[in-house]
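Shown here is one chain on its own, the form predicted on its own, set out as structure tokens.
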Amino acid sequence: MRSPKDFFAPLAVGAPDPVREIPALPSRMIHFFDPSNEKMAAKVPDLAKKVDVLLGNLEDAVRADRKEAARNGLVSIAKSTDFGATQLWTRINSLDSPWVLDDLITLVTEIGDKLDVIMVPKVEGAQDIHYVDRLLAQLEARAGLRRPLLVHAILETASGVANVEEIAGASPRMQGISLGPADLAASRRMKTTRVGGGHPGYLVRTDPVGDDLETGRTTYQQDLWHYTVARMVDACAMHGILPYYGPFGDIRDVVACEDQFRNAFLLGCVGTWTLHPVQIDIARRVFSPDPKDVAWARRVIAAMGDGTGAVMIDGKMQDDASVKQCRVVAELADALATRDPELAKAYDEATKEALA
């Protein structure tokens, strides 16, 4: 185990110093695209204006005979595109694949100055992050990079869930963790073929009335991913990194997609993956605090002054714990407002009305 005093030391001579705090940049939607798909690649400049994060996918959904084309396509796109304030991420192939080493060598040395985050699939423990951490430092030194690349882990195996706390704290590079429900379901031998979302068979039922075990017993579908998301959020909060929901595979069911995204948002996730343009606006809406909630949060903060003691607002008691909750909402709103003028206007108007 590395000594705590060496935790923020570069892992290679000439590599940039690790970051001491993860930048809290807007990342409500991580929009995936296949760099080997020419039609999809042509849309990247326009997509960059609509999303917080664009991710060039090299792993799942890219056929084995298209891996090199996807890698080279991402290099070309990164070099030729002005992403503005939008972050550029990539998902490399899994660490046990024959493609991952070429992914890292090529991307870091060719476009390391354009990339922000490298997403690592199927992370099972801290050892996987340590491997990537050291290799990135060596490649950063070779490429002469002055800014360290960050790492994002996907939680998609039973081992990964069991080790999520050590994964979250494995390196100063750790930017965040996403839930990968499909691979995780397979790893756990869960009996579902859905990519995220609920399942009609996973439910609770109201108690019977009298001896009749059938009539009038309402059922309620439950969230298959509640435990895992909550544990992931706790691990991320503990280590000062960011939690994300992953993919929702039923593109047609925008209602259930919004429900799943909102569950994750309320539990503490800061964003989600979007696999199709129709999911972008859903993610933007869900992972941006409602203007009424922002106005209420700012009202409570203003009323509480130095944040100590307690006050009554509209018949509801507010104290120091309330202020902490409200600051989470208000600070997120402030960060998003810097990127989204329409959202900033809505927040300001709602706040003025609440404080009037």
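All residue numbers are counted from 1 along the displayed sequence. Here the structure is a predicted model, which is why all the values come from computation and not from measurement.
What follows is about the form predicted together with a small molecule, which we do not show.
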Margin query: With the distance limit set at 4.5 angstroms and only heavy atoms considered, check whether 39, 47 and 91 all reach the small molecule in the predicted bound form.
Written below: yes
Note to self: Under a 4.5 Å heavy atom criterion, is residue 33 part of the interface with the small molecule in the predicted bound form?
What the structure shows: yes
Item checked: in the predicted bound form, residue 43 touching the small molecule (heavy atom, 4.5 Å) -> yes
Margin query: in the predicted bound form, is there a heavy atom of the small molecule that lies within 4.5 Å of any heavy atom of residue 137, even though the partner is absent here?
Written below: no
Checklist line | Contact flag, residue 61 vs the small molecule in the predicted bound form, heavy atom cut 4.5 Å | finding: yes
Note to self: The chain here is shown without the small molecule. Which stretch in 268-276, 197-205, 139-147, 125-133 comes within 4.5 angstroms of it in the predicted bound form, by heavy atom distance?
What the structure shows: 268-276
Margin query: Within 4.5 Å, heavy atoms only, which of 160, 243, 247, 172 is in contact with the small molecule in the predicted bound form?
Written below: 247
Notebook entry, point to check: Out of 233, 182, 75, 100, which one falls within 4.5 Å of the small molecule in the predicted bound form, going by heavy atoms?
Noted result: 182
